[in-house]
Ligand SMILES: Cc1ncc(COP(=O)(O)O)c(C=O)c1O
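What follows is a single chain, given as structure tokens, in the form predicted alone.
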């Protein structure tokens, strides 16, 4: 086991409230057929906005400040949790947040996230697709440079090798909680697989700590967005950063990682709520008092339920990594008017949400 203090050699902007707690859920465990089930509560990672992006942003925004940036530009779908988290915490650090957003299926959370971004002062732009968003981002960076401003660019989802290395502290944190007797040593850890940084980072941290748990990364984005070769490259590059930063990192760290991508839960596509995901949300709420959502965590918990129904969890201690912000964002949205958004984004407030959207 590596003798490692989480985060010490990696520059960080202190944003989070760590360690995040774990919640044991015996009723939920019995319902899904697991020996034990614990929720790792990254939904409470920071105030006023939690979730898994905070761990990445501690590294990314520290890099932005070290680079002398005055602006931070990032990308996401219209309802991006990452874009909102970036806007909230860039503003806290005196950086101007800029979001370039692409279309997605409508949902109530899209409206909430857009209003919150507007209210915290984000400069919001709309683009019709991924390629156009990147091109617009380049134009915005050039225009800012001509004004004498420096822009730090964060990719979709906030995943880079350095931010992923930063997330490794999450795995070390869980290992410390296991050592303290707060939960059993897990056999399996379920986490959403979006831009890959959280799943890879958690797996690296567990490997650094010597925990052999398998990380079951549930794909909630199209496979083309996160191909296996890119996952492998991210794993190796992040492991190299950790090896350079922490002298006690076990040799061959990337080879020690146990990570399996779980397919079949995406449904109709990214951000399209599924019947399985909605049922999983209801089960988590009723048996554990945990609030999940339809784009990421609901589908991930549905994968856990499916494995339990197949009898695969009967002799397993399981951790579910809750990546969804659980803090009320009403105060963040205060005073925002959707009519101040780009006209393409105003349509999310005048059109219908998808039929399975149960969020009020």
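Positions refer to the first chain, counted from 1. As the structure is a prediction and not an experimental result, all values here were calculated from the model.
Another form exists, predicted together with the named molecule; not displayed. Remarks below refer to it.
Undergrad: I'd like to know whether residue 169 contacts the named molecule in the model of the complex, with contact meaning heavy atoms within 4.5 angstroms.
TA: Residue 169: no contact with the named molecule in the model of the complex.
Undergrad: Against the named molecule in the model of the complex, would residue 296 count as a contact residue? Criterion: heavy atoms within 4.5 Å.
TA: Yes, contact at 4.5 Å.
Undergrad: Just checking whether residue 205 would be counted as a contact of the named molecule in the model of the complex - the rule being heavy atoms within 4.5 angstroms.
TA: No.
Undergrad: Although the partner isn't part of this model, could you tell me whether residue 238 comes within 4.5 Å of the named molecule in the model of the complex, counting any heavy atom of the residue?
TA: Although the named molecule is absent here, residue 238 would stay clear of it in the model of the complex, with no heavy atoms inside 4.5 Å.
Undergrad: Tell me, out of 137, 157, 186, 97, which residue has a non-hydrogen atom within 4.5 angstroms of the named molecule in the model of the complex.
TA: It is 157.
Undergrad: Just to confirm the contact call: exactly one of 303-311, 28-36, 319-327, 63-71 touches the named molecule in the model of the complex at a 4.5 Å heavy atom cutoff, so which is it?
TA: Partner-contacting stretch among the options: 319-327.
Undergrad: Residue by residue through 24-48, tell me which have a non-hydrogen atom within 4.5 angstroms of the named molecule in the model of the complex.
TA: Contacts from 24-48: none.
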